[in-house]
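Just one chain follows, in the form predicted alone, and it is written as structure tokens.
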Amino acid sequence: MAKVKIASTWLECCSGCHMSLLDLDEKLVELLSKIEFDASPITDIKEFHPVDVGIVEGSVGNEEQLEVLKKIRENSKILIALGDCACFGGIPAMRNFFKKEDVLKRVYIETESTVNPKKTIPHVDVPELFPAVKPIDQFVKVDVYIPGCPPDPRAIEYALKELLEGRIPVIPTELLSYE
């Protein structure tokens, strides 16, 4: 029997959700007899190929992230929104309380650790920020939501096992984590 192919990516986030995935520890090793990772920050393969399951961590805050999201959606039969950022916008969406120009000024000019004597905001080779950060379902269809910040590894395991059994998982509330 062929293994279920999985791709994952992170967008605007802290990568804590992928750490929760790795926190499956030996259970992840057991799952690897049935699943195989393709493109992922774990494999460092960045080009998406057709897979059974796509896992997206993070929200969308710029055009580059939106392109990555669309590519993984196009190549995934089932798409999972992993973590609060992907499901709801999460911490990155806190910038929605400020004007984009004020955020850029703070980041590139005003921070205490910034050395920028010309006080310029880069416009080349830096993706332009969207006016607001949004969860991924504002741009693409999502099939499964695993909220949490970070999600409980047991919730990720539950979802993967349900998918391996051919069911679309609905995460039990006792597996939801908001630390």
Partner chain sequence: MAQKLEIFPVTRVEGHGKVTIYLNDAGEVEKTYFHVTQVRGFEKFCEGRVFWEMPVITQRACGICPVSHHLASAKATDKLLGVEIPPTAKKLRELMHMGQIVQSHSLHFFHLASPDLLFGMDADPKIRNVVGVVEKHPDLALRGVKLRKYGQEVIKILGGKRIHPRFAIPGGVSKGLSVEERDSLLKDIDWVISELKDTVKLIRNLAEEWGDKFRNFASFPSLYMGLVDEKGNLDLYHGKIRLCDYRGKIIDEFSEDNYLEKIGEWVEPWSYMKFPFYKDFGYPEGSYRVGPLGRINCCDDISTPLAKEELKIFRDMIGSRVAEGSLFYHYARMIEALHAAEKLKELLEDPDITGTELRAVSRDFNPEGVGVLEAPRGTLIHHYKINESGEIIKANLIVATVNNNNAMNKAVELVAKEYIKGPDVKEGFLNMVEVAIRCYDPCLSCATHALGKMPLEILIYDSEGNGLRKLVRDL
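Since the structure is predicted, the reported quantities are computational estimates derived from the model, not experimental observations. Numbering follows the first chain given and starts at 1.
Beyond the structure shown, there is the form predicted together with its partner chain, which is absent from this document and is the topic of what follows.
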Quiz item: Closest heavy atom of residue 22 to its partner chain in the model of the complex, within 4.5 Å or not?
Solution: yes
Quiz prompt | residue 13, heavy atom within 4.5 angstroms of its partner chain in the model of the complex | solution = yes
Quiz item: residue 89 near its partner chain in the model of the complex, any heavy atom under 4.5 Å?
Solution: no
Quiz item: Even though its partner chain is not shown here, does residue 116 get within 4.5 Å of it in the model of the complex, heavy atoms only?
Solution: yes
Quiz item: Within 4.5 Å of its partner chain in the model of the complex: all of 69, 166 and 170, by heavy atom?
Solution: no
Quiz item: Relative to its partner chain in the model of the complex, which residues of 101-121 have a heavy atom no more than 4.5 Å away?
Solution: 102, 103, 104, 106, 107, 108, 111, 112, 113, 114, 115, 116, 117, 120
